[in-house]
Ligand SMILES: Nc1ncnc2c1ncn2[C@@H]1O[C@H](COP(=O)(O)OP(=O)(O)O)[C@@H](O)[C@H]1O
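Taking the form predicted alone, here's one chain by itself in structure tokens.
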Amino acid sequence: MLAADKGAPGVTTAATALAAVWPRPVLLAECDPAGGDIAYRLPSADGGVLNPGKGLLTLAATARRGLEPAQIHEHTQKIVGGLDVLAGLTHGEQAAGLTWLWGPLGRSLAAVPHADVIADCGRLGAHPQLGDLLAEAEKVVLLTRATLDHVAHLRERLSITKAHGVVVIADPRNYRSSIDDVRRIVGSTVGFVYGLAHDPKGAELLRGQWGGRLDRSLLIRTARDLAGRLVSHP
């Protein structure tokens, strides 16, 4: 599960890029209680638009009677490239009536048959009940930029959140040194510190122009390396 503490380091972009290159069957689940924009950001498999009303909201409506892992795929949609996505809430007010959902959702996502799940959990802190979801995750990965304020907030978050690793959204011009700097600061508190390129052009391609140009982007090239590391890391 991917999340962040401060600002907008690009959790949704990172989650989508990782899911696009994941080496095993995968489901991208938008689990941000503040609301998400996958339904508006990514085109459907037929080139049209996703249905923002189908996803976590429709799943929650049936989950009140019990939630089983096999139910998840009844509420997913396919985007261009064939990736399965569970679209999230459309605005934060919807989360107020779903405080009970996150624990059962986490247990069901952890047990989805025949697929890994990459969950975009957005920004931590505003919705404490999200901890019930994170508690069920095999890996919790926090994203950060390499700036002083972001890393300072990250250190505070790591002291109160069970996180297995950190991914640095790093400027390609000083990619390795940025990751190494963050590793020196927080490396002893987590199992790993990896990187993902800050690539606005690649992020725009990810919104719909899937294909050769996207495959050559720094975003996808570093996402592919990151996916391999995450899969192989115990």
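Computed from a predicted model, the values in this text were never measured in an experiment. One rule holds for the numbers: they count along the sequence shown, beginning at 1.
FYI, the form predicted together with the ligand isn't displayed, but the following is about it.
- Annotation: in the predicted bound form, residues R24, A137 and G165 none come within 4.5 Å of the ligand through any heavy atom.
- A heavy atom within 4.5 Å of the ligand in the predicted bound form is found for exactly one of A197, L50, A60, V193: A197.
- Stretch-level contact analysis of 42-50, 184-192, 198-206, 62-70 against the ligand in the predicted bound form, using heavy atoms and a 4.5 Å limit, identifies 198-206.
- For H127, no non-hydrogen atom is located within 4.5 Å of the ligand in the predicted bound form, even though that partner is not displayed.
- With a 4.5 Å cutoff on heavy atoms, R123 counts as touching the ligand in the predicted bound form.
- Shown alone here, L219 lies within 4.5 Å of the ligand in the predicted bound form, counting heavy atoms only.
- Contact check for R157: no non-hydrogen atom falls within 4.5 Å of the ligand in the predicted bound form.
- Contacts of stretch 142-175 with the ligand in the predicted bound form, defined by any heavy atom lying within 4.5 Å, are made by R145, I169, listed in sequence order.
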